[in-house]
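Form predicted alone, single chain, as structure tokens, below.
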Amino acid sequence: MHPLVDIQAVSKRYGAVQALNQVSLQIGAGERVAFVGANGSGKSTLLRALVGLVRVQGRVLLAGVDVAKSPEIALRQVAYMPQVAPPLDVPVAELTKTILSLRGVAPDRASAIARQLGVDWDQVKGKALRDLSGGTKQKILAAVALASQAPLLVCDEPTANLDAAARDPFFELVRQRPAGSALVLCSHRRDEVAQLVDRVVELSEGVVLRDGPAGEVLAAAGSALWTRPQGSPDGVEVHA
């Protein structure tokens, strides 16, 4: 049987910057994995390669299907929660209905999850996503991703814009996902990593520095892992 995620000798260069250098790793069904590292380590590029957002050398396979060659098939396995919401001029209710209908999931599942995260659904459902606050956008994206029931949930800094009242419900909703489902997240937040994953992959200068049980890797990792990127309030990394 194929691993759910199979990253094979993946490299990526941005001009003179080698963001990833021959990275290989596998993630099986049921695993919960965090990519961590200092700013510029390559973790965000690796996460984006996983969901087909950047072209790379090497191969990324999801359940045995090459993301670059057959994205429409491979990405059926994935629910993706980006850190920064796209500026979509479409009502929230219409957006959630469209996305979840492609998954065969009732849209009221997303609205129920959004309410658990503190969203006043009746107030936001008719508003365009781009007109909402950053925190509300992230809650909507989280609700859609969690409602989709995809085998693999991929999250980029999932609680970066969540208020304190929404963080614990989000952690609990992730923990409630089926035992066979997998989670991959990129995070600068130690508490988030400690609560959500059992395996940590630490990257440094585009290569895997450590890969192992979360407790061991977190104990060995330095404080630089938890430093927010400078000059970017939302934590977006350009070359990482």
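Note that residue numbering follows the sequence shown and begins at 1. Bear in mind that the values here come from a model prediction, so they are computed numbers and not experimental data.
Below: the form predicted together with a small molecule, not depicted.
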item: Candidate stretches 167 to 175, 194 to 202, 34 to 42, 210 to 218 - the one whose heavy atoms come within 4.5 Å of the small molecule in the model of the complex; value: 34 to 42
item: The small molecule contact at residue 17 in the model of the complex, heavy atom, 4.5 Å; value: yes
item: Contact label in the model of the complex: residue 83 to the small molecule, heavy atom within 4.5 Å; value: yes
item: Partner proximity in the model of the complex: residue 188 to the small molecule, non-hydrogen atom cutoff 4.5 Å; value: yes
